[in-house]
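Coming up is one lone chain in structure tokens, specifically the form predicted alone.
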């Protein structure tokens, strides 16, 4: 599964972007987005901001779960108290939902049962939602620590390599 994470400021400007792959179930942690998909990911996340603004007033929760779907990509959202949005685009692998063609029957059933227990096998399952929620809460904790820096101004891009490492570590830990 590939992930694209972005923090969007109060003026709908990107404050932070990071893409990574799954580290669970033998993943190497590398995103598997194509060159065109890298630019499309930014567009898809920013187009989902309208849906975020509609959903944020219907619920009192910070974690809004899956708010949008674009083909095989799902967008999850977490809102902060200061109206900063954490958006995560997650794209399940094609092999996670269906076994590869040409594999023997016994091997395909074992790989299908193994992939069905993976976090990314079903993007709307309770296990996946819980993993994404935990990821968001850990990133939120690190975000609060980053913006407490006296040199940080509101809606300023986060360029800290330590923050980037902590986001990557949270991705490895939960996703």
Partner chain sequence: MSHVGSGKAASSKEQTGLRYPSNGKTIYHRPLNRTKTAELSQAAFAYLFSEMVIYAQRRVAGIQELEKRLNLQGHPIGLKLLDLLLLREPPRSQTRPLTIIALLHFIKINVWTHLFGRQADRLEKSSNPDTPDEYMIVDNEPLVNAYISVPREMSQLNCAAFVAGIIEGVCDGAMFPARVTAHTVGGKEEGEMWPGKTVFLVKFQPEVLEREALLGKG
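On a predicted model such as this, the values are computed, not experimentally measured, just so you know. Residue numbers count along the first chain shown, from 1.
Below, we refer to the form predicted in complex with the partner chain, which is not included among the displayed structures.
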* Contact stretch among 52-60, 66-74, 39-47, 122-130 - heavy atom within 4.5 Å of the partner chain in the predicted complex -> 52-60
* Does the 4.5 Å heavy atom contact test between residue 88 and the partner chain in the predicted complex come out positive? -> no
* Does at least one non-hydrogen atom of residue 135 fall within 4.5 angstroms of the partner chain in the predicted complex? -> no
* To do: Would you please decide whether residue 166 lies within 4.5 angstroms of the partner chain in the predicted complex, comparing each non-hydrogen atom pair?
  => yes
* Those residues of 129-152 which, in the predicted complex, come within 4.5 Å of the partner chain by heavy atom -> 137, 140, 141, 142, 143, 144, 145, 146, 147, 148, 149, 150, 152
